[in-house]
Ligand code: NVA
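Single chain ahead, written as structure tokens, the form predicted alone.
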Amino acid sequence: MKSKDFLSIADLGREDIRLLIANAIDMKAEGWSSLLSNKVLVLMFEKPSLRTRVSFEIAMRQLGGHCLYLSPDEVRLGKRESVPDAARVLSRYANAIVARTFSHQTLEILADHADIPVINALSDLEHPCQALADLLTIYENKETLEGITLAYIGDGNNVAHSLMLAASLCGMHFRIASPRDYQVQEQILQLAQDFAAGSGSEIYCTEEPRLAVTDADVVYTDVWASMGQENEADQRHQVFTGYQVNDELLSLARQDAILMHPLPAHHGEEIAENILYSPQSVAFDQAENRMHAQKALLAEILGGLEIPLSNLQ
């Protein structure tokens, strides 16, 4: 990895991603180990979580380590205690920090002042751990990443940012359909285009969902209003009408296309009722793979584990 921290999917190179996916596949098959015995991971969250908290806690336990969860009320970063002070204190106790924050800047300050690795468990800018699990899920279903076309429908949010960067690093083609004023940030798009120039990835941004989905191998969507955007929910619902992934839209993708969603889902909004339970959906595989991808990440960051690339293409 390029640094001690994992704040962005861009902190990984193409070979790093290949290695992590290969390791995740092996760890998924092997189950429990003692690789990280006597290691301690602190989860420090400003936002509530189901998948992120549980997947990290169980991943660390299955690797033989220990995990401590700090709730928003316990820490109150920047209010009860400054971010630099919290970073310095936790560096004396633990081996790594997993932080879930409202602001990406909080993560950067944590990383700057911590002597131990800081892992981004979600910020307003990126969700790189979700992207790793998504790549693992796509590989399991398609047996490759290169040349796969992923169509993302909806808000150009943190999940979209990490997916775009991940796809451009791996040689996947990435299409995104978002309403005007809800598209990915220009800095993320520029970085992804730089990566794409070296990997052969093609990036296509549009406001038309049908153009994005046609002949895609993967159809991906996420909620229209994320945590912290509750006051925009009504406005966003009006803007995103027409961006729902339903049977009609999905029928434009390839016949063997898979449907992805990072969860939680708002059934009847960004995703049609019951479609998440269809044979094409791999949303709950994604949820499981959060744990396996994060095991590989923790093993790399805390254990220095290196496993051959096996047959990963």
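Quick note: we count residues from 1 along the sequence shown, nothing fancier. Just so we're clear, the structure is a prediction, and the values are computed from it rather than from any experiment.
Just so you know, the form predicted in complex with ligand NVA exists too; it's not on screen, but the next bit is about it.
Contact annotation: ligand NVA lies within 4.5 Å of heavy atoms from the stretch 218-226 in the predicted bound form, the single such stretch among 193-201, 218-226, 177-185, 69-77. Annotated contacts: Leu122, His127 and Asn158 all touch ligand NVA in the predicted bound form [non-hydrogen atom within 4.5 angstroms]. Ligand NVA is not shown here, but in the predicted bound form it comes within 4.5 Å of a heavy atom of Leu263.
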